[in-house]
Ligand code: HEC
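Okay, here we've got a single chain as structure tokens, the form predicted on its own, with questions on binding and movement later.
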């Protein structure tokens, strides 16, 4: 019984410490920047393939598109009130027009999912428009909500 109580207490303490860490603005900024860096890593390689700057590899492209689709669901958690100062280029306008920002993040999730589906075909002619839609979505948020 004591063993289970100790394990329960340890779990509660771990959860509490995680929440405290996540509440720090710099942690939220680091989190979202890390996710966006990973997205950029994969999206950049896909862009090179789409533009013909690198040999198109259907299997690698599809793998990267799936990773980006999964990653696109993560950054929204890091856009907390009070996290728009310091080592960030995210603008306070996010909070001023949260509905528009959230819509952009939702569009990112939807369009990266569509890109992952298009990538499964292996047909670059189907992939290019889907890739372009993701790029437009990124640009839309950057134009409105990033310094």
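Numbering follows the first chain given and starts at 1. This structure is a prediction, so every number in the text was calculated from the model and none was measured.
Although not depicted, the form predicted together with this ligand is the subject of the following passage.
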Q | Answer range among 59-67, 45-53, 116-124, 84-92 for contact with this ligand, defined in the model of the complex as heavy atoms within 4.5 Å | A | 84-92
Q.
Taking any heavy atom pair closer than or equal to 4.5 Å as contact, tell me whether residue 80 reaches this ligand in the model of the complex.
A. no
Q) Quick one: is residue 130 in contact with this ligand in the model of the complex, heavy atoms, 4.5 Å cut-off? A) no
(Q) Since only the chain is shown here, I'm wondering whether residue 98 would be in contact with this ligand in the model of the complex (any heavy atom pair within 4.5 Å). (A) no
**Q.** Interface membership of residue 111, this ligand in the model of the complex, 4.5 Å heavy atom rule
**A.** no
Q.
Residue by residue through 109-139, which ones have a non-hydrogen atom no more than 4.5 angstroms from this ligand in the model of the complex?
A. 134, 137, 138
